[in-house]
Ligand SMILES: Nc1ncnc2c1ncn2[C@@H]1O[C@H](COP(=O)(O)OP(=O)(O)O)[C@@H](O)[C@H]1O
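Single chain ahead, written as structure tokens, the form predicted alone.
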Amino acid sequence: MDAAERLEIKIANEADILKSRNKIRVFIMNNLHFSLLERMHALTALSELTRNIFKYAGEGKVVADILQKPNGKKGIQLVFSDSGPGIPDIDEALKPKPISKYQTGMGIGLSGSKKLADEFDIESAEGKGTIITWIRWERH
């Protein structure tokens, strides 16, 4: 894979959440034909999932790759990983939560991030961390 088709960003503080959003926005614009809505879906999921890394694990990373299907359709894969406490009950974590006036994210959490994806996978083990794979394909 070409170096221009991969981007890795460390998440260790709140500023890294915004930094990742800015870098991924440019990465998408340079590599994909996403509409404004598709870009916003990707950036919303990115914001939520990087905030989860910071909030629950303290630090981790997001790796963005450009994917291409044999028919030429392209997409973005975002892989979020951390070595935090893990998710004890993935099914429970994927249930929509009521929005609180005290929350710091957008309030869509894992369930909303999953809805914004074409493909979504979570691997997690208590005490070993979490890996979330989020994929969105071009629509045209």
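As the structure is a computational prediction, the values presented were derived from the model and not from experiment. Residue numbers here begin at 1 and follow the sequence given.
One more form of this protein should be noted, the form predicted together with the named molecule, which is absent from this view; the next part is about it.
- Message: Going by heavy atom distances of 4.5 angstroms or less, which of V63, L67, A93, M40 would be at the interface with the named molecule in the predicted complex?
- Response: For this set of options, the contacting one is A93.
- Query: I28, T44 and G75: each with a heavy atom within 4.5 Å of the named molecule in the predicted complex?
  - Reply: Not one of the three qualifies.
- Query: Is K55 a contact residue for the named molecule in the predicted complex, using a 4.5 Å heavy atom cut-off?
  - Reply: Because a heavy atom of K55 falls inside 4.5 Å of the named molecule in the predicted complex, the answer is yes.
- Any non-hydrogen atom of T130 within 4.5 angstroms of the named molecule in the predicted complex: Yes, T130 lies within 4.5 Å of the named molecule in the predicted complex.
- Item | 4.5 angstroms heavy atom contact with the named molecule in the predicted complex for I87 | Yes - in the predicted complex, heavy atoms of I87 and the named molecule come within 4.5 Å of each other.
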